[in-house]
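Okay, so here's just one chain, in structure tokens, the form predicted on its own.
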């Protein structure tokens, strides 16, 4: 991504804007959860999406639900469309893998290759469905990059060390997917660039006028 000019004033969100982002995320989250529930034949518990603006250096603060020291693995996938760019991350605590592997009918020895395949499968389901639901509501189209493993078996703080030195702030949407009666949960984290926030604010302004 091209470096952005240093901003004189930080971006802020009004309560109305934040509520609108939260409602849009809630609809998209439900569509992704429905796909996951039908795939695993389980009930997916859904929380209220968390919408926050963070300094990029404080990104780890976005993940309130996960133990910051517990080993975790993550997949990252970039997306872009109509002036909006960002990245989506799926983060799993390593302690979840045996249970999710059984639910997805993975057989054989639990190797690193299987670990990566499972990460990619869940990421494709949740990221793809969420972005589709978000795009439909904002009347835009996203193109998605190839997913990549961000890291494995590391503390959350190490996984989320800033790599985008040109970002100053990010709009972060966090969704926690938990499975009823199973000790499984994963975090979906959507990160939008500063320039994207301005474009999205104009999009939701039309929704708020209706």
Partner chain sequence: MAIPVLICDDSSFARKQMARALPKDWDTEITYAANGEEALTAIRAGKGEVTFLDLTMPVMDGYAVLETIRKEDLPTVTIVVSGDVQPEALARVQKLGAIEFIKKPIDPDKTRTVLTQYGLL
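Fair warning: this is a prediction, and the values are worked out from it, not measured in the lab. Numbering follows the first chain given and starts at 1.
What follows is about the form predicted together with the partner chain, which we do not show.
No residue in the set 77, 100 and 191 has a non-hydrogen atom no more than 4.5 Å from the partner chain in the predicted bound form. Taking the partner from elsewhere, residue 44 is found to have a heavy atom lying within 4.5 Å of the partner chain in the predicted bound form.
Taking the partner from elsewhere, residue 20 is found to have a heavy atom lying within 4.5 Å of the partner chain in the predicted bound form. Put simply, residue 37 is close to the partner chain in the predicted bound form: some heavy atom of it is within 4.5 Å.
Among heavy atoms of residue 27, some come within 4.5 Å of the partner chain in the predicted bound form.
Comment: the partner chain is not present in this chain, but in the predicted bound form one of 158, 180, 55, 70 has a heavy atom within 4.5 Å of it, namely 180.
Residues of 176-208 that come within 4.5 Å of the partner chain in the predicted bound form, judged by any heavy atom, are 180, 207, 208 in sequence order.
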